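Heads up, the chain below is alone and in the form predicted alone; it's given as structure tokens.
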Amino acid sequence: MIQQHTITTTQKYNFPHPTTDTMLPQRLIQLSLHTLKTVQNNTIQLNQQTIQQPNTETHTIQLNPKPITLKPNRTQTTIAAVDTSNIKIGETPTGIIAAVRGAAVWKQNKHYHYTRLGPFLFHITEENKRQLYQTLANAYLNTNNTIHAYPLNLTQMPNRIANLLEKWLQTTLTKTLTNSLILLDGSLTAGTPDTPTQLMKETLDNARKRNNTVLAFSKMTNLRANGYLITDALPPHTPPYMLETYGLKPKPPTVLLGEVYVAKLTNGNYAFRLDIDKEIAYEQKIEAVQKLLGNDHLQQSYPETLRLAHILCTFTANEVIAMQHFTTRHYNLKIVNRPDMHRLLFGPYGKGDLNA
């Protein structure tokens, strides 16, 4: 007997919404193609080093040693997360070629789903960097305000473009999800050039209006209590639990829009700085973390949804090689190998300077 399977339509989810503003992704594509035209018939020095953003937090705070014990709440709740990444593909005589990609992951009805944007390739030079960033900022921020007050370092441009894409993905989630948990990578600190205070406040306001709760996990932190990193000096208590912190006062214009906790959510040696929207009630903060425990898989105290967002946006070595091959073939670039002056001058004793 031959069984005939019923053909059904694809299940609908509440993200991405069909009416979602797509202005920023469209601008990313347009500007990617436009900037790459300037690299035609040029030379390129291949480079796979990831561009890192320096961490400048050096605050000392107080840590409440009395833990807030947590119990998983299995009330069905959608968990969503956002992350972006960028990588330098190579150097040209006038600038750099870099790729940017972002991912949004959400767990709904016990299944993970994702949307991935990119990679977007850019040829960034000293001449086009400000106009490039201004155009993208206007597309996302919907404003004609200039950004001339902010310095734009060429090597940090890929990170700033990725940051704009990340903020757009965050806003999209807060405007489309309802009664959900939204996980961000990093902290809820605002007032920096990449995270204007008004923009971050609007993002959190949008989340509250739809009864969403924003939780921000920091993979690294320089916050210290009594000389120790807040994620290292933990009391001997059985997880899951959180510790409250006090006394964190960022210097203006930087502001903190979240309450800072130390979260140790599973057994093991790992704990994370966890920022929770400070405008929501204390009970809602605790309930949000307990719903996260009851609805998402956690390994080493880190949510799987946020881990997947990071994995999906991170570039693999094969992808980098493919993008290098595409740019060199499509734009007729000639690969050159500039001499390593440290190796040339000092032989086996020349280790090079990655920050030069």
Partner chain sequence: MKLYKKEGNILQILSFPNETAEKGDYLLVEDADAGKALIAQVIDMQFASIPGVLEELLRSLPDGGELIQGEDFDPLEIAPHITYIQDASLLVCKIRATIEGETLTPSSSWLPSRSQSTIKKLPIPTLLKLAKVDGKLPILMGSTKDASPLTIDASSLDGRLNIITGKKETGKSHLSKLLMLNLIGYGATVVVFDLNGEYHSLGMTSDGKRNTYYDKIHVLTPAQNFKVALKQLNLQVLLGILIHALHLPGTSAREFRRIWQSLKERDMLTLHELGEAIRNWHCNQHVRDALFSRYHALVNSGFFTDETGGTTLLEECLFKAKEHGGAIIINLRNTSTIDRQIVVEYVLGKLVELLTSWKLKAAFLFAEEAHLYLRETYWDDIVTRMRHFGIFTTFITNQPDTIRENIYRQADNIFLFNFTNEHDLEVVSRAARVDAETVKSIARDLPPHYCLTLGKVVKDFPMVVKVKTLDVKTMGETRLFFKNAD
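Being a predicted model, the structure only gives us computed values, none of them experimental. Numbering follows the first chain given and starts at 1.
Although not depicted, the form predicted together with its partner chain is the subject of the following passage.
Proximity of residue 204 to its partner chain in the predicted complex: non-hydrogen atoms within 4.5 Å are absent; the residue sits far from the partner. Not displayed here, its partner chain is kept clear of residue 156 by more than 4.5 Å at the level of heavy atoms in the predicted complex. Residue 304 belongs to the set of residues with a heavy atom inside 4.5 Å of its partner chain in the predicted complex. Using a 4.5 Å cutoff between non-hydrogen atoms, residue 323 counts as a contact of its partner chain in the predicted complex.
With its partner chain left out of view, the stretch that reaches within 4.5 Å of it through heavy atoms in the predicted complex is, among 69 to 77, 217 to 225, 174 to 182, 115 to 123, 115 to 123. Between its partner chain and the residues 160, 101, 129, 264, the one pair within 4.5 Å by heavy atoms in the predicted complex involves 101. For the options 314, 38, 64, 290, the one in contact with its partner chain in the predicted complex, meaning a heavy atom within 4.5 Å, is 314. Contact check for 167, 197 and 334: none of the three has a heavy atom within 4.5 Å of its partner chain in the predicted complex.
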